[in-house]
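Only one chain is shown below, in structure tokens, and it's the form predicted on its own.
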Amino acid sequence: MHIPDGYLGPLTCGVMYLVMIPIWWMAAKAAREKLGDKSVPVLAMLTAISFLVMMFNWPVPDGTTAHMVGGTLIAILLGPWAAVIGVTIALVIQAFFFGDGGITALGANSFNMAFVLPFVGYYVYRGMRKILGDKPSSEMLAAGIGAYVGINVAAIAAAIEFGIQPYISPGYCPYGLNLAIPAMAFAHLTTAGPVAAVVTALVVGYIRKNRPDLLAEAAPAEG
């Protein structure tokens, strides 16, 4: 899902940076208000995990990649605003030091993976918790569904950003919406999505069994 340099035109890159600036500001404010001394090391650990899982990716025909992100897991444990910070930090390190995702596309990549993914995943998780109940198996299922939906919505957001380039910035991504959306959707519906769902569900189940205090603290964190 990492968008490299040269695929989004200057207009899209600039707009996505402008969109992300207030989001980053709100995330920093929320972190100062809601993350306690015990939560900061947890966020650091989860950020490192997000960084690692995003490095294991496979190519998608339109020039990007499919992979796990871990944003929904961070959002479940610490809230979606914390996930914005954690995934953004991972994306910055990848872009500047590993060339995974473009620097000009950092705003777009952050919007898709650090904002859309954790917020969608978190609120789908919360909604499924209300529907399925509070049993451990239900919580694991809710987490898996949240992760699956979150990563696929983020992939569609990236596909739209790719697909509008032929119309607004010719010379950049050559694939229109008719090609970008199916390619991204297929890759994430069938590969990255199921992997993200299973891993997130298993981790939440493990934490529920061994550290239920983390889930208890996170549950009301974002109302």
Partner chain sequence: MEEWMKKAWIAIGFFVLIVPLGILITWNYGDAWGEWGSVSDGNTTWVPKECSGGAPLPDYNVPGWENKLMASLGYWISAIIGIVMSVITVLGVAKAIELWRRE
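In this text, all values refer to a predicted model and were calculated from it rather than measured experimentally. Positions refer to the first chain, counted from 1.
Below, we turn to the form predicted in complex with its partner chain, even though it does not appear here.
For the three marked residues, Met1, Ala31 and Ile89, a heavy atom of each sits within 4.5 Å of its partner chain in the predicted bound form. Residue contact with its partner chain in the predicted bound form: Val42 places a heavy atom within 4.5 Å of it. Using a 4.5 angstroms limit between non-hydrogen atoms, Pro10 touches its partner chain in the predicted bound form. In the predicted bound form, no heavy atom of Ala154 sits within 4.5 Å of its partner chain. Not displayed here, its partner chain is approached by Trp58 to within 4.5 Å at the level of heavy atoms in the predicted bound form. Contacts between stretch 138 to 168 and its partner chain, counted in the predicted bound form as any heavy atom lying within 4.5 Å, involve Phe162 alone.
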